[in-house]
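Next up is one chain by itself, shown in structure tokens, the form predicted on its own.
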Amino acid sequence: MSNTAELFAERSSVREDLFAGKRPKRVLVFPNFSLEAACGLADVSLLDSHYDPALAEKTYEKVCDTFYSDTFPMTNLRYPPVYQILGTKNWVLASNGAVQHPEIETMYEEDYDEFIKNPYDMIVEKFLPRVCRALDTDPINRGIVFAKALRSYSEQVTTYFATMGRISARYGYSTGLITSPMTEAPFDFLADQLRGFKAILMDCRRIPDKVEAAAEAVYPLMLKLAIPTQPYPGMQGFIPLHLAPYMNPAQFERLWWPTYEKLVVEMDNNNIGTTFFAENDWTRYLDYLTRLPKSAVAWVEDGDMQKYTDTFGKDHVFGGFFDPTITLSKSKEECIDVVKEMCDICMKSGHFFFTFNKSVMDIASIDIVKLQAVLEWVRDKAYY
């Protein structure tokens, strides 16, 4: 099938059936590569690609030319020029172009009470100047710096999505699994951007009442991030899930889950689904995830495939599990056997799509020829 319009129609039919709760004729193929991997594949400077949209587009096209996909196979959520304007400490650009996320503590324990009363003012007036060197100045210059950063961010986001649209049209890709803004689970926002992993886990033991109140306080801000100004039915937001697998069940049930469930339900009430990345192994919390609206889609890193199929997969779309780095240690036939076994289990649900357990970050971590064979096998053989 070489005609772009026919490709788009066939792929869109598979995706639409999957999201409508119908059993599609075949498994949707959604490999995922980072900008780092794309630059490695195209032999392009990662650092230069952050500042040259045409160069970045070249790397995206190289991925599309090399690997089969039903949707745009790239994810790029980081914008280093913005970080440099702001002088961020939580997102640091290395000399080779890699963006690193060091562990930081932006909110101190003594800030909890004031944060709970007014989280937005605390973020703007205290936390941003702490984490962004260029904002630690007088109000006038702070406003100028912030305006420059906002303009740079808007330009880069617009350019990225325009590039995605052009490439998708050229290759006949269907709509992807993420089509609206990213937000965070309220507890994860506290951990990722404010307290840090170590401090928040200590807080859960020492001051759980304040952690619980802080998650509730920041919930409206996370919801606002998730709702676009012009939402339309069928949109899928993105929520990367972090801390829950490292928490004990009592902490999870009290401190992590309530605000996350409320967030996903309210997004669904606004006709916005969620594609969440279940980092690490969420098997023990599957009963909770199964309570989410049917518009919640799981991208799974690790876990019991049979349990996902039998529980979450009854009513929800899910995919993941496949580790593309096994292509370096197994033969092509062995890699396909792994995928075949996965499909034999997960396709029984009728709600399974194929993707990697996480984005490929380093092109040297995979065998290109074997991964091509895996993706083409799923496309040609994984029929319901």
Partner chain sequence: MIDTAILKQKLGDLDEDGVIQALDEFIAGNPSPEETQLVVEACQQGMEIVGDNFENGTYFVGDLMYAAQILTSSLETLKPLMSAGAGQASKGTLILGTVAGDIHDIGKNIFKALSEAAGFKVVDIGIDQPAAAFIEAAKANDADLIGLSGVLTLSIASMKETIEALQAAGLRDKIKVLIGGNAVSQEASDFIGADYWTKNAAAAVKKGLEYVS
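Positions refer to the first chain, counted from 1. In this text the structure is predicted, and so the values were computed from the model without any measurement.
There is another form of this protein, the form predicted together with the partner chain, and it is not shown here; the text below is about that form.
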The partner chain contact at E301 in the predicted complex, heavy atom, 4.5 Å: yes
Y108, heavy atom within 4.5 angstroms of the partner chain in the predicted complex: no
May I ask you to state whether F161 is within 4.5 Å of the partner chain in the predicted complex, using heavy atom distances? no
Wondering, does R254 line up within 4.5 Å of the partner chain in the predicted complex on heavy atoms? no
Contact stretch among 43-51, 60-68, 343-351, 327-335 - heavy atom within 4.5 Å of the partner chain in the predicted complex: 327-335
Counting any non-hydrogen atom inside 4.5 Å, which residue from N269, N248, Q230, S95 sits next to the partner chain in the predicted complex? N248
Partner-contacting position among V265, L150, L225, M202 - heavy atom within 4.5 Å of the partner chain in the predicted complex: M202
Going through 14-29, which residues have a heavy atom within 4.5 Å of the partner chain in the predicted complex? Please give them in sequence order. none
